[in-house]
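Starting off, we have a lone chain in the form predicted alone, written out as structure tokens.
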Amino acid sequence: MVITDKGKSDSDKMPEVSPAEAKVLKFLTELKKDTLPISEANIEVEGLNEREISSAISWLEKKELINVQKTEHHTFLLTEEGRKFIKEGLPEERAFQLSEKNKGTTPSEIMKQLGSKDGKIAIAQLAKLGIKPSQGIIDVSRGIGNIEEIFIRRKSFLAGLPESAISDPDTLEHFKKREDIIAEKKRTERTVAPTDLGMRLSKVVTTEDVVSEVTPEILQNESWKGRNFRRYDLNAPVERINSAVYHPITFLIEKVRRIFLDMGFTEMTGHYVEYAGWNMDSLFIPQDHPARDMQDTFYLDSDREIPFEDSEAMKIFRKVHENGIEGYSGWGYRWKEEIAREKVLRTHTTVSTIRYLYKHKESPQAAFSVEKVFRHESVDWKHLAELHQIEGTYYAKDANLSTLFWLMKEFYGRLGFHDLKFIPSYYPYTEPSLDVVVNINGKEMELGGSGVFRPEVTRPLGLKEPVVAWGLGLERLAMIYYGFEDIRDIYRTDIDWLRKFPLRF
């Protein structure tokens, strides 16, 4: 509401403003012209906090009483990886020193001394500096210029952040191209100045207190007497309030669930923590398979028993691995129960499929799940350590390769993928095995795997009919669905960023 010095409404000539807006407008119009525009951060109004000032500015801009200019500021900060490099030295610097000390070294020795991740970085960065392996030897004497000065400059840059990002743009560009060393933070600054309309309004508006809400207290103590009441215009524009919406990942999960449920599938659930026996052995994966390595799997150091363990199932796994089944040989090694009882974070949801069918042996069965799995991965633009896996399985007398093709075409078609290819592949628990490749804008991309479960997996558990299954990573699907180039963007928590997605079924 606009309250003139005469105490009456001037709303027929000027926009209405709230007391907070009037205070901010008064502050701006009383400033000297050479101080305008002024940063929002420098606006101080008695009785108003930072949030109230920000809200008043937004409303004054909407009412064309002030002009607002927005400037985006970029700040570059060190990540945990960057701090490690300052403390221990850059990988390329450490590899350089190793080669210098030993009068030459090998890539394998660098990988051994620095570790796989830092070793690969070091070899790649040295190659860019002109130091490439020659006959299997990395000789630092063949580098270009004074390489040690380059290392000093790079470390000084990291130690000087965020200021050095401005003074050394060339090194900034270098580190922007390297992963997980510096992080970019964006901040938007608003500078404001009153418009001519705002200047005119400030001459008649008053910041005196008005009654904006009639409460029992002001009626009882009669403090309302002699005060002005705020008028409300029901046709005035109001700030949009965004209601709760699905997160992009939750939206996709619900979309996939609806597809499966509409196809007549039953949803199954599993457990984050599994015995290796269920996670690996049940799928006829031998106990010395590379997939069991600490490099690929999260193992849990705990003596706590898992209540859903089935000792009879363990006996079945032992028999199959050691001796196989009729018509099929096993692995022929001595199966160890202590290995099968190791606890892991499940590496796939196929374990849920096997347990579900073990408990539901009557056919036909059509089941699915969309749940989290865990992989001991180095997180980068295309890998996550914690992700979702979409699982679909069909157990019936008529389950065969043709059935699998039809089910996958139907499922992927409902997701919007109609140009599919099925390429022979290998999985230790299916035969035949297939990868599903889709054509997106002329480019082929692998989305998931599929196959017919091997008899060594199904028959020992009492499953008399064939079982087909397929699956894909939900996050990889999300990258295509939302157009992401970095899989980590899927889990951003920026509200404005999340609101831009039209999450409608």
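Note that residue numbering follows the sequence shown and begins at 1. Quick caveat: nothing in here was measured; it's all calculated off a predicted structure.
Note that the form predicted together with a small molecule isn't included here; everything after this is about it.
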Partner contact for Y427 in the predicted bound form: the small molecule, 4.5 angstroms, heavy atom: yes
Partner contact for K319 in the predicted bound form: the small molecule, 4.5 angstroms, heavy atom: no
4.5 Å heavy atom contact, W470 and the small molecule in the predicted bound form: yes
Proximity of T458 to the small molecule in the predicted bound form, heavy atoms at 4.5 Å: no
Partner-contacting position among D118, E391, E93, D281 - heavy atom within 4.5 Å of the small molecule in the predicted bound form: E391
Listed residue (R153, K361, R200, R375) with a non-hydrogen atom within 4.5 angstroms of the small molecule in the predicted bound form: R375
Listed range touching the small molecule, judged in the predicted bound form by heavy atoms within 4.5 Å, from 346 to 354, 327 to 335, 80 to 88, 261 to 269: 346 to 354
